[in-house]
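One chain comes next, on its own, written as structure tokens: the form predicted alone.
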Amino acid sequence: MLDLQNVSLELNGDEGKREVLRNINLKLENKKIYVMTGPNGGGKTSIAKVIMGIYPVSGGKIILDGMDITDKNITERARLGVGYAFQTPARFKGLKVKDILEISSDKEHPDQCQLLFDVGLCAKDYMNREINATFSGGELKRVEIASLLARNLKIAVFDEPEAGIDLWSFQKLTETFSKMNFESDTTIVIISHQERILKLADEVILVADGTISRITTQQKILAEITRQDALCGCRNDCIKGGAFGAECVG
């Protein structure tokens, strides 16, 4: 279990320090899928980076399976089984895709072909490709997700994994998350606004204004979305030729 206790975060901005997160209390259980959603700038990615140790907390504690990891850095947390797929992955010049998967894996002989297939990439086309400027953002994203799948993780955090990914690969990705959940005890945290991702969730965490506003079920959040769509005439107006960006008149 991962337990965030009264976690707060301050970051330096143009006008000095600003409070990004406040009083985050969150318990994430093994073998569950959590989807974190909410308005842009609400603090979702900041929570993810706090979990990974990219941002040191300003207050509170982070407990992993009974161990206080609050002061542990990103490398130490990775060794303890915490993994994070960035919203915008880094490029590793000079390394091939197979090198990244080999380095990432904690298995002696990882099935690299299957790992790439699970994220919608053909091993024949990608295994020996160098990760350079020819890779699109979506391709980089899929390679990074495959590198996380290669590990036996306690906590796996995916920051908007659907960004830049085509429809077929997105379908493969949702199947892969379900497979990962079925075959392992990994706690999966996905930051997303996508309905297909929300449908995977055991619990949905709503984040806004640097706090957790609510934790609910996928059924309730999807019902709310459906109800809002039914009340709002904007989409129908646009389909009929209404002005783009018109205010809701529902």
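As the structure is a prediction and not an experimental result, all values here were calculated from the model. Residue numbers here begin at 1 and follow the sequence given.
Omitted here: the form predicted in complex with a small molecule. The next part is about that form.
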Item to check | Segment assignment from 181-189, 212-220, 57-65, 38-46: heavy atom within 4.5 Å of the small molecule in the predicted complex | outcome: 38-46
Checklist entry - Does residue 18 reach the small molecule in the predicted complex, with heavy atoms at most 4.5 Å apart? => result yes
Next on the checklist: Even though the partner isn't displayed, in the predicted complex is residue 12 close enough to the small molecule, meaning a heavy atom within 4.5 Å?
Outcome noted: yes
Checklist entry - Does the small molecule come within 4.5 Å of any heavy atom of residue 174 in the predicted complex? => result no
